[in-house]
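In structure tokens, one chain follows: the form predicted alone.
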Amino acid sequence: MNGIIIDNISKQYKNVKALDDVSLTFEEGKIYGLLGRNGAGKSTLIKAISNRIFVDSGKITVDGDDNVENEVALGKMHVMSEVEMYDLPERVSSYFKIMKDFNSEFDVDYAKAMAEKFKLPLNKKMKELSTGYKSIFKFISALASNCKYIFLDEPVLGLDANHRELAYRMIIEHYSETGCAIVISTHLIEEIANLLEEIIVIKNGKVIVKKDKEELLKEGYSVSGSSTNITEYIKGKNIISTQTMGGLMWCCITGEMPKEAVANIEFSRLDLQQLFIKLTSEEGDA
């Protein structure tokens, strides 16, 4: 069967269950959002998929092949992560050639064209690059890999607003041209929301949500109006958050947005970040 299939995997680190019986499928032709708070298990999951760590139980297959020490399976994916692996003195352009040696599908011309768009200095040594330009290099390398499955772990770390916008545009263009699967793990939920088609939320090592984004966003809405009207309206409802300013109040609520208008109250769809905060909040959070 095509796709990356994660079947009931678990991973324990001493007293911490980093992954707890996780089952997922990543298919070509989708952009996924892999979301979770710090320590939720996102990076551990990506490391398990790419065989950087071994799981304690369960199985991962790539297009039907076991991923454990399997060059065919692992060659179908590229993982961009925060880990710094480029500490040798070679120049940026040399790394593109090295990647071509390891992956015959790597598109050096595409990588160089993207580098020009991002103003990435090809003649600089990798260790001389800023954090942002190291992220750009790793991002470019991921898309230029032409792999079927691309994992972007915090892809815009250290990038300014203009470069982040360019990166998001490049993701959409590459996806449209290749139809690959792209999995984005990031804390910048509000910025990437429009890119995503399917949402996966991990909390304490467990998958608590795996759903089409549009379907997920139907599970909440926001209301605004006078404090008096909103206070009365929200009685008995499941409240995510409230905000007041003078005599006005805004409130986010889980549940289906009413189809009928309510006098003196404005309704709007909940955004992904607001819903994420509700889904991943812990008892005692402010």
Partner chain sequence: MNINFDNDIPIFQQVADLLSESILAEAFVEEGQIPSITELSITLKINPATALKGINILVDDGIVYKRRGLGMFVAKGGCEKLIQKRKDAFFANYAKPLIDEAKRLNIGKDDLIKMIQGGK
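Computed from a predicted structure; not experimentally measured. Between two forms, the rigid core is defined as the largest C-alpha subset superposing within 1.5 Å. Numbering follows the first chain given and starts at 1.
One more form of this protein, predicted together with the partner chain, exists but is not displayed; see below.
Report task. Although the partner chain is absent from this view, report whether residue 253 comes within 4.5 Å of it in the predicted bound form, heavy atoms only. Result -> Contact with the partner chain, no.
Query raised in the report: residue 197: heavy atom within 4.5 Å of the partner chain in the predicted bound form?
Result: Close contact exists here: in the predicted bound form, residue 197 approaches the partner chain to within 4.5 Å, heavy atoms only.
Query raised in the report: For residue 118, is any heavy atom within 4.5 Å of the partner chain in the predicted bound form, or not?
Result: Result no; residue 118 lies far from the partner chain in the predicted bound form.
**Report entry** Partner proximity in the predicted bound form: residue 269 to the partner chain, non-hydrogen atom cutoff 4.5 Å
**Finding:** Yes.
Report task. Tell me the stretch among 169 to 177, 94 to 102, 137 to 145, 67 to 75 that has any heavy atom within 4.5 angstroms of the partner chain in the predicted bound form. Result -> Checking each option against the 4.5 Å cut-off leaves 169 to 177.
Query - Residue (of 48, 31, 240, 62) lying close to the partner chain in the predicted bound form, criterion heavy atoms within 4.5 Å - result: In short, 31.
Query - Selected contact from 214, 160, 128, 109, since only one has a non-hydrogen atom within 4.5 angstroms of the partner chain in the predicted bound form - result: Exactly one listed residue reaches within 4.5 Å, namely 214.
Query - Displaced residue check between this form and the one not shown: residue 264, CA, 2 Å or over, core reference - result: Comparing the forms between this form and the one not shown, which are aligned on their rigid core, residue 264 does shift its C-alpha by 2 Å or more.
**Report entry** Shift of residue 224 between this form and the one not shown at or above 2 Å (CA, core fit)
**Finding:** Yes, the C-alpha moves 2 Å or more.
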